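The chain that follows stands alone, in the form predicted on its own, written as C-alpha cells.
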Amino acid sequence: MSGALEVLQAGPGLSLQDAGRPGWLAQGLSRGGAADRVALAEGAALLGQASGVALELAGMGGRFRATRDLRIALTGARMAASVDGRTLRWNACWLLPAGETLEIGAAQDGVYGYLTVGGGFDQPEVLGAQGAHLAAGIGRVLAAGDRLALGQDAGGATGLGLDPVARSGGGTLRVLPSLQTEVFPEDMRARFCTETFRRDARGNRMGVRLVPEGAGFGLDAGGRILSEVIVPGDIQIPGDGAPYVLLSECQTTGGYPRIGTVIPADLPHVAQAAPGAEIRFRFVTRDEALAAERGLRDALNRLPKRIAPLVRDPKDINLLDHDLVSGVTDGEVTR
C-alpha cells in the first residue's frame, strides 16, 4: 500500500463510486456508479489520469487526512473546502500534504460533490467495478475511522482549475417517449411539457421525486401496467401522480407507468438538481438524443484542453510570503 486516506468525519452517504457495473441487468443488478459521471471525468482531467473511482459526497463532505502527500481534485456540487484552514477553490486540483486535514462542508449548489485522488483508490473489484452499489449491498457507506488504500500516483501539477460543464440548478430536460407514453392522454402529455416541476427533498441514488405545479399525472390504467425492465432516466408516475426520475441505482423492473425517459446526457442535471430546483421536460427525437450524447462525450474528451493554472484572488495571498521587490521579503529582513 502506498499510503491511505483516513476518514476522520463522514457526511451521510459518503461512498466510493466509479462508472458502475454495466451488463448485469438480466441478473437483477442495475449499473449503479456515480450519480454525476461528468464530475468523475472532470476530476480525472484535473489530475491528468484516466477516470476511475472517487469519493462521492452526498450533500455533505467530511474531514480527511492522508498518510502521504496526495494530489486531490474537487468537482461536482460546489462545497466549502479547506486544508488546515487554508481555503481551496472548487473545480480545481490541490496538494494535500501528509498529516494535514482536508475539511469539506455542505453542498452550496447541486447535491453530489466528488473527491478524486492522484493514482486513485486501491480498492478490490467486485463484479468488475470498485464502487459501492448501496441498494444492492455491494460496498457500503463510509464512516469515521475508515482507511482507504491509495494507488500509485504518476505525479503531476496542482493548482489547476477548469470551468465545469454546466449542470446544476435544474432546467429543461430532454425526454424520449417510453413504451407507455401514449397511455397518458394527449392533454396530460401536453401539460407535462408546459408545467414547471420542483425537485422534492425526497431523493437518493435510486431516484428523485418531482412536485408538479397542479394536479398529479396519475392514471386510472396505472394499476394494469405489467412490471417490466426499467432503466436510469425513466420517469415513473406512482399513485400520487408526482413523477419520479430514476437514477443510477434504480431497481431493474417496475410496474408504474412511465411517461418518458430522460436522455443519458441530461441525467447529471437531474442528479445535481438541489431540492427546490425547477425542472421542465421537452420530448425529443432519437436522433436529437444521440446527438446530445455525442456532444457530451466530445465535451468530456476536450476537458484536458480546458485545464488552466488558477489565478489566485489577491485577498487570499499573504504578501509577506512573497518577494514583491527583488531582495525585499517582509520589510524587516533583507536577504
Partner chain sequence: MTAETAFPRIDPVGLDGLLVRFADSLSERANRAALAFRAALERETPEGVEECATSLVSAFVRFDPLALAPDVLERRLSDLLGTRDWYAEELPEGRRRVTIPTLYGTDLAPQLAEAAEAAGLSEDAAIRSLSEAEVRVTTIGFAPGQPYLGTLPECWDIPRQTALTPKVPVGALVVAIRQLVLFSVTTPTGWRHVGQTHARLFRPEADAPFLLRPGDAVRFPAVDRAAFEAMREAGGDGITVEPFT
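Just so we're clear, the structure is a prediction, and the values are computed from it rather than from any experiment. Residue numbers count along the first chain shown, from 1.
FYI, the form predicted together with the partner chain isn't displayed, but the following is about it.
The partner chain in the model of the complex comes within 4.5 Å of a heavy atom belonging to Arg31. Within 4.5 Å of any heavy atom of the partner chain in the model of the complex lies no heavy atom of Leu310. Using a 4.5 Å cutoff between non-hydrogen atoms, Pro22 counts as a contact of the partner chain in the model of the complex.
In the model of the complex, Arg68 stays away from the partner chain, with no heavy atom inside 4.5 Å. Picking from 249-257, 105-113, 188-196, 86-94 the stretch near the partner chain in the model of the complex, with a 4.5 Å limit on heavy atoms, gives 249-257. Exactly one listed residue, out of Val229, Ala144, Ala154, Ala166, brings a non-hydrogen atom to within 4.5 Å of the partner chain in the model of the complex: Val229. Listed residues Leu148, Ala136, Ala242, Leu160 were compared with the partner chain in the model of the complex; Ala136 is the one with a heavy atom within 4.5 Å. When contacts are defined as a non-hydrogen atom within 4.5 Å, none of Ala50, Ala81 and Arg209 contacts the partner chain in the model of the complex.
Residues Val126, Leu127, Ala135 are the ones in 118-135 with at least one heavy atom within 4.5 Å of the partner chain in the model of the complex, listed in sequence order.
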